[in-house]
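First comes one chain, alone, set out as structure tokens in the form predicted alone.
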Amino acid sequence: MNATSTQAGGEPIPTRFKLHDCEIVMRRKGAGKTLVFLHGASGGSAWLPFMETLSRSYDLIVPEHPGYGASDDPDWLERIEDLAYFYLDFLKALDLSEVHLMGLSLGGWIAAELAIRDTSRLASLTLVDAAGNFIEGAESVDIFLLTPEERFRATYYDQDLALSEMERLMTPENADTAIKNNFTTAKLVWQPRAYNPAMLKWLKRIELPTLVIWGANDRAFGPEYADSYQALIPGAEKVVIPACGHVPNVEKPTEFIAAVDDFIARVPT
């Protein structure tokens, strides 16, 4: 039920979905509880191994944000809050309910902004190394000041994996998409850099089961950011994955999926 047709190899065929005069790309596969994954600043154009694993247990929906990849870049897209409202209407347009909403990095910020505004269609929230927060004096890497190699090295704890991911993604075929994604990210997070001071005071409005998952060695947003999110969201749980950087879903998929499965299994239905 709700699964899309798949290509050879089992990947879902990307479909187009139009909302607010903006066509986005969406991938959907699986059955069971609905899990919507919001990707980070690098985009969501690939069906990654962790997604395939999640789709064996959930009805997994992975939209590509407006302004990213093959999705349209609408005139109305100016701030992260615009994406929060877009996805609230996205959930309504698809008539989704009891959604387990998960966001990585930039996507985690979007998910938090969405949940502050309206949780009526949500069953739970999972923030994975989420942007959007700010801690005075905390060390963090500014991705806009890094070369591509430095950016990959800063993303992963495992440096061999960092270089292999750079080789996989930094191809001429992906160059235009990378430029588009970087431009949209800069527009959305440039000032103030990667956080919204107005959001932090309202995280207390999120009254639903929340899991904060973090890489212990995240150089973009260290584990103290996980502590802060946990403290600001009532009743939030926290899982910190050792020997892991900014993308535990890619670097430590087994540990990541185990944490997600355990959490969702305990969410009241």
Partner chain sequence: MKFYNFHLMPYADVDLDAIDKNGTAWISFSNSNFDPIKGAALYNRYLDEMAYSDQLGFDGVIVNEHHQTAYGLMPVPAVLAGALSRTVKNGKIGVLGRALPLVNNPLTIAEEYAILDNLTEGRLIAGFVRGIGAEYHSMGINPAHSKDRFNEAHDLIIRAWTEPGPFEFVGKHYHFKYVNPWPLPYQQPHPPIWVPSQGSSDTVEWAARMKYTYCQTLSPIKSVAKVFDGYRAAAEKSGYTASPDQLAWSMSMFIAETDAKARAMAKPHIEALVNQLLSIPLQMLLPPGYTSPESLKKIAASGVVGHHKTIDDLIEEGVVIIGSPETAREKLEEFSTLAGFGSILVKTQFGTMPTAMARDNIAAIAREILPKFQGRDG
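The structure displayed is predicted, hence computed values, not measured ones. Positions refer to the first chain, counted from 1.
Not pictured, yet referred to below: the form predicted together with its partner chain.
Residue (of Q191, T171, S120, Q159) lying close to its partner chain in the predicted complex, criterion heavy atoms within 4.5 Å: Residue within 4.5 Å of the partner: Q191.
Listed residue (L96, M166, A138, L146) with a non-hydrogen atom within 4.5 angstroms of its partner chain in the predicted complex: After the contact test, the surviving option is L146.
Y85 within 4.5 Å of its partner chain in the predicted complex, heavy atoms: Y85: no contact with its partner chain in the predicted complex.
Proximity of D89 to its partner chain in the predicted complex, heavy atoms at 4.5 Å: D89: no, not in contact with its partner chain in the predicted complex.
Partner contact for A198 in the predicted complex: its partner chain, 4.5 angstroms, heavy atom: It does not: once its partner chain is placed as it appears in the predicted complex, A198 has no heavy atom within 4.5 Å of it.
Stretch from 123-131, 110-118, 96-104, 179-187 whose residues place a heavy atom within 4.5 Å of its partner chain in the predicted complex: Going by heavy atoms within 4.5 Å, the stretch is 179-187.
Heavy atom within 4.5 Å of its partner chain in the predicted complex - qualifying residues of 74-112: If the 4.5 Å heavy-atom criterion is applied to its partner chain in the predicted complex, 74-112 yields only E78.
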